[in-house]
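Here's a solo chain for you in structure tokens, the form predicted on its own.
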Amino acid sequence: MKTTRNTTAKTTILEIIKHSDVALSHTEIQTLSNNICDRVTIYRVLDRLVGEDVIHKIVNLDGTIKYASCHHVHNDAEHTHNHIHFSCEKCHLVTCLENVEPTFKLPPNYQVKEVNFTLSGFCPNCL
């Protein structure tokens, strides 16, 4: 059994991500945390939370890395983050579309382990 370490920084960062309706970048998290810790600590906490499967990492179309809370039930079964992300071209917010699963056909002898599927366009607020 793997034990996790809880720190004030980790708890604060996790709460910020959990309460956000959109995926957040490192800079956005640092601003929202009122600089509770330095940027390196934030990177370490984010890596730890990704490793603990509590949040997931999204690479946006412009290369920006954002983080969002996982909305799955934790159990012993392995889960994936194979859902669609939507990147708004106007407000630049990235949202997880949990109930939309991408479908595609691969040639024989290929095995998918992870999907990073991002659509871009305009969100409902910017239409």
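Keep in mind it's a predicted model, so treat the numbers as computed, not measured. Just count from 1 along the sequence shown to find any residue number.
There is another form of this protein, the form predicted together with another copy of the chain, and it is not shown here; the text below is about that form.
In the predicted complex, at least one heavy atom of residue 120 sits within 4.5 Å of a heavy atom of another copy of the chain. Of the heavy atoms in residue 51, none are within 4.5 Å of another copy of the chain in the predicted complex. Another copy of the chain in the predicted complex comes within 4.5 Å of no heavy atom belonging to residue 47. In the predicted complex, at least one heavy atom of residue 116 sits within 4.5 Å of another copy of the chain.
Among 32, 91, 97, 37, the residue placing a heavy atom within 4.5 Å of another copy of the chain in the predicted complex is 97. Shown without its partner, the chain has 100, 102, 103, 104, 105, 106, 107, 108, 109, 110, 111, 112 in segment 98-112 as residues with a non-hydrogen atom within 4.5 angstroms of another copy of the chain in the predicted complex.
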